[in-house]
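Below you will find one chain, with nothing else, as structure tokens; this is the form predicted on its own, and questions on how it binds or moves follow later.
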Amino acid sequence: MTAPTMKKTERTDYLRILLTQRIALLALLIVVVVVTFFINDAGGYLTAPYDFDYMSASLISAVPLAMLGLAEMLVILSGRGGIDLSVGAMVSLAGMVFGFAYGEWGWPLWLAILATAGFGAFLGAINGFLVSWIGFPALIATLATFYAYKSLAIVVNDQQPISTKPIQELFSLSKSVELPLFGEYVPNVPLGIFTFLLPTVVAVWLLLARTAYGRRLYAIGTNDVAARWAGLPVRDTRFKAYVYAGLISGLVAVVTVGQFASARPDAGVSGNGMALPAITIAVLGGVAITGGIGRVAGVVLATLLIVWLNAGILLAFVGNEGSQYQLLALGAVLVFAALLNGLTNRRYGGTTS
């Protein structure tokens, strides 16, 4: 084999790795984004320093985004156009329930958290029932419940947030803490990473990689007709995916109440809402929109990419311009992820890892 041929083969191998190994591609993109903003910071092109302290502080927004990205991953994996447009509205409504339980009724914190997670699971069960048992298209069913949950969140307390003293004291959940052993050498990390995000990541990974349910979910997402002929409970498996997504949304509601120090009726739907970023993160993380393909690690890395990209964009513009360019970047990333997934499917049979 000649030298030019060997070089061409190596380039083809590298391209294949980047297209089929989503983890490798995301890691590369994160490095590119961070290095780019570091260079711009050194050149004085940013309005404030883009450093490791800033990157660590920005991880506070990664907690709800990654958790909802995992929720979307579960429903998208179930196939048949699985998607949940109502996750943001569920966060809003469940957050109001948490506000009442902990902020006004005086429930213990652990009980209020369990009740909120359970209420989120109930809202997800409504979605799952409509999609799995009634047969509604997921897009239509979750769009309908999005409007319903959003409306209930607004009227349940006459459009007013709940900001009692116990709720305000929950702002401590958003503080940053020093890591043990080597914490003095690295920036402090938001507490929510350890109290909510990591447990959710581990739980979803165990569910998908170490349980029979996880294997069934991948199977029905790949081909639910074959799964049904194989005797798998297709409807029940898909139904539970929406229940789990609702449960995670309930936990995100607790996180957002702590971050805002207030149970706000628009917490999950204000601005561009939480659903679009969560779907973007899932697709960018390698979750095939057709179902049956996706990994937890990809969703986590995609979250880091989006969070640190958005953090840099905010510093690249004066005033509120950065937030508008964040929406542009989010849309561009979603298109890029969809094109990348399509290219992978055509050239390499849809195998991403």
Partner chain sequence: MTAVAEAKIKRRVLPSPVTGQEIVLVGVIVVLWAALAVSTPAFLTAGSIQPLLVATAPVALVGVAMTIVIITGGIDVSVGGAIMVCSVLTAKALVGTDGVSLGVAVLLSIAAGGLLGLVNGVLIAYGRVHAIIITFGTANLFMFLGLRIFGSGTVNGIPATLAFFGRGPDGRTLGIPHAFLITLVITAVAWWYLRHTAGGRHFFAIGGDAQAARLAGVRVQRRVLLAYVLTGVLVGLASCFVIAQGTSTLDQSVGSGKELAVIAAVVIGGTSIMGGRGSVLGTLLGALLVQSVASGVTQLGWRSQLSDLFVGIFIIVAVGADLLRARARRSR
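Residue numbers count along the first chain shown, from 1. Being a predicted model, the structure only gives us computed values, none of them experimental.
Although not depicted, the form predicted together with the partner chain is the subject of the following passage.
A.B. asks: Counting non-hydrogen atoms within 4.5 angstroms of the partner chain in the model of the complex, say which of 123, 283, 241, 274 makes the cut.
C.D. replies: Checking each option against the partner chain in the model of the complex, the one that comes within 4.5 Å is 283.
A.B. asks: Tell me, out of 194, 171, 147, 205, which residue has a non-hydrogen atom within 4.5 angstroms of the partner chain in the model of the complex.
C.D. replies: After the contact test, the surviving option is 147.
A.B. asks: Does residue 27 reach the partner chain in the model of the complex if we count a contact as any heavy atom within 4.5 Å?
C.D. replies: Heavy-atom contact with the partner chain at 4.5 Å: absent for residue 27.
A.B. asks: May I ask you to state whether residue 33 is within 4.5 Å of the partner chain in the model of the complex, using heavy atom distances?
C.D. replies: So residue 33 does not count as contacting the partner chain.
A.B. asks: Taking the partner chain as it sits in the model of the complex, is residue 316 in contact with it (heavy atom to heavy atom, 4.5 Å or less)?
C.D. replies: Output for residue 316 is no: heavy atoms all beyond 4.5 Å of the partner chain.
A.B. asks: Does at least one non-hydrogen atom of residue 309 fall within 4.5 angstroms of the partner chain in the model of the complex?
C.D. replies: No, residue 309 stays farther than 4.5 Å from the partner chain in the model of the complex.
A.B. asks: Based on heavy atom distances of at most 4.5 Å to the partner chain in the model of the complex, which listed stretch, 115-123, 102-110, 136-144, 209-217, is the contact stretch?
C.D. replies: Comparing against the partner chain in the model of the complex, the contact stretch is 136-144.
A.B. asks: If the criterion is a non-hydrogen atom within 4.5 angstroms, does every one of 62, 66 and 189 touch the partner chain in the model of the complex?
C.D. replies: Negative, none of the three is within 4.5 Å.
A.B. asks: Select from 239-269 the residues with a non-hydrogen atom within 4.5 Å of the partner chain in the model of the complex and write them out in sequence order.
C.D. replies: The stretch 239-269, when checked against the partner chain in the model of the complex, contributes no residue at the 4.5 Å heavy-atom cut-off.
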